[in-house]
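Next up: just one chain, as structure tokens, the form predicted on its own.
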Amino acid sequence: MTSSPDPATPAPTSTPASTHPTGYATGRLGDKTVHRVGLGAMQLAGPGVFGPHADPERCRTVLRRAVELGVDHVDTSQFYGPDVVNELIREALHPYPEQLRLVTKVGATRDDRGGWLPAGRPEQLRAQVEDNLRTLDVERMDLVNLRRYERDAPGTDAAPLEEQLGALADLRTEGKLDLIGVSSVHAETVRTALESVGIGEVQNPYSLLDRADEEVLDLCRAHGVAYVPYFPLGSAFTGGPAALAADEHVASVAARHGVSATRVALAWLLARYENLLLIPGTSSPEHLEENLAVLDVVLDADDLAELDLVEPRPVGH
């Protein structure tokens, strides 16, 4: 979204920021203050993040309701659909609220069956940024993540990291994007990006069930960079929410607070780092409100000690 001075933004109506410890309800993307629970828009596409959703009007309702509840950080990509999700966001929210931060991801494309293919050459990254600007109808993206394949498919990245970062830096100079981020990367890539172009966030898999990314999380802490976990409830390959609900330690903490295992797992993430930002995805208005209610759950030292006993189930490393 076209950058503008960052006004004070209201907290979600159900959870006033004043009820939380300092820094709990908001974090920062670069110089931009955002609420710590945003919206990941991937689930607004069809099955496999391909084609249209079965109920696009419900998707538009989720987007509008999210903004009503104070969400000011929406994570999307042109290759969700493709085009489908960005077009839903534009239809539901344009002209965008001044405080809304739109974040996208580049570095991949889809084949005609919905398969994911690397597309990270500099000219491809430029075209993808332009596609996002077009489908969202904005002049500048608040943040663009470079999606790499070094974690899940080593050796398939389409261009050297330095060339990819250089292409995004050129687009930043041209005013097409404000902040650069990296996604699906190892610690060495984070260090290179920090030193060469500076970054606003890292988006990697991390959860109570998959804590293999601690080194990258520590780097983000050291540099004050936002850390945005995907698969925040664990991967579907390791059972995801079902595994959380079945874990005795998660169940115990959930029972003490009178909340779901899912909410406990999201609250645990928020407790890991004050600038960790959540972008849980949903196409359900009810689940949206459940996700935002994580801000009501503040875990104490005993809760955190018990959750440390959860057996990790990492995948894809």
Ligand SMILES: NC(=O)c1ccc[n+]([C@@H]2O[C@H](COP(=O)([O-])OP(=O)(O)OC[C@H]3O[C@@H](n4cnc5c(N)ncnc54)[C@H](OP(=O)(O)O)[C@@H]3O)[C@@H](O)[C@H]2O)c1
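As the structure is a prediction and not an experimental result, all values here were calculated from the model. Quick note: we count residues from 1 along the sequence shown, nothing fancier.
A second form of this protein, the form predicted in complex with this ligand, is not displayed here; the remarks below concern that form.
Just one listed stretch, out of 248-256, 63-71, 26-34, 276-284, contacts this ligand in the predicted complex at the 4.5 Å heavy atom level, and that stretch is 276-284. At a distance threshold of 4.5 angstroms between non-hydrogen atoms, A45 is out of contact with this ligand in the predicted complex. Residue contact check for A41: one or more of its heavy atoms lie within 4.5 Å of this ligand in the predicted complex. In the predicted complex, P118 stays away from this ligand, with no heavy atom inside 4.5 Å. Interface residue remark: A222 is not counted as part of the site for this ligand in the predicted complex, having no heavy atom within 4.5 Å. Although this ligand is omitted here, in the predicted complex none of R101, N132 and Y227 has a heavy atom within 4.5 Å of it. For the residues L233, V138, V84, V190, the 4.5 Å heavy atom test against this ligand in the predicted complex is passed only by L233.
Residues D75, Y80 are the members of 61-87 with a non-hydrogen atom no more than 4.5 angstroms from this ligand in the predicted complex.
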